[in-house]
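In the form predicted alone, a lone chain appears below as structure tokens.
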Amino acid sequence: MPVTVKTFATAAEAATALSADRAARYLGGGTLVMRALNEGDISISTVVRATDRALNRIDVSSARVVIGAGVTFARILAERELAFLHAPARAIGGPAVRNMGTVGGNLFAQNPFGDFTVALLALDAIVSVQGGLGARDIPIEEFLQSRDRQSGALVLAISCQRPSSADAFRYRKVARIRPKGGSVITLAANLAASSGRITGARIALGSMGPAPMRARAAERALEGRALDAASIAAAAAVAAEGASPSDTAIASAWYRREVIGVHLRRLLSGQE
């Protein structure tokens, strides 16, 4: 089946083309769309591209960081101001994939991939999109819950607040082939603290449900408490609550449920 490629000068034009054609997909780095085409996905008849430089911007001039949807993981790793995102960026594939894969595209990666998105969920990111209804900002949790219905919208940028301190944000990817393998589990935690107690804990999990999800029971176990052995044990004990992992070739749902508490304990304790 022939595929039409349309290139536009602005993100707005590309967004209009996407919203007008259900069989259109946006081509950023190509790690998802080209794979689908190579595997014979007949639902895609049009590929939309944009040369708009705004999609490749990085703004680190304030406490809130803005990253264009077209920014690659290699570029994230090259930015000193984005050091808190280096671990999740490094967890994406090998050098070739990191040179091509984009932050915006990772939002749509299905399990056992999408590891960078887990970090963004823990950081309470906002996703800026443009579609048939115009431009709007969507909390990342809301975006992930409806991402299967977002194919007609173009992601413009992702923004998040910098972690409050160097050790507030923590990330861990568990994979059988490191770093490029699909994840058994991915975990990220953003633990803001005041007077030695956790305030506003956010813990995100990957490969524990259809899309990256919050570990809300674990968050509640930490909230208002010091990060010590007792609170960490309490969070680890309820880490799997609300999760619905699947059986895959990488790991079974049973195994993921069994080990999630172990890895959350290690993450929160600062263990390798």
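All residue numbers refer to positions in the sequence shown, first residue = 1. Note that this is a predicted model, so its numbers are computed, not measured.
Omitted here: the form predicted together with a small molecule. The next part is about that form.
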item	value
Interface stretch in the predicted bound form with the small molecule - options 193 to 201, 153 to 161, 131 to 139, 77 to 85, non-hydrogen atom within 4.5 Å	153 to 161
Any non-hydrogen atom of residue 169 within 4.5 angstroms of the small molecule in the predicted bound form	no
Touches the small molecule in the predicted bound form: residue 263 (any heavy atom, 4.5 Å)	no
Contact test in the predicted bound form: residue 30 vs the small molecule, heavy atoms, 4.5 Å	yes
The small molecule contact at residue 69 in the predicted bound form, heavy atom, 4.5 Å	yes
The single option of 92, 187, 120, 144 touching the small molecule in the predicted bound form, heavy atom within 4.5 Å	92
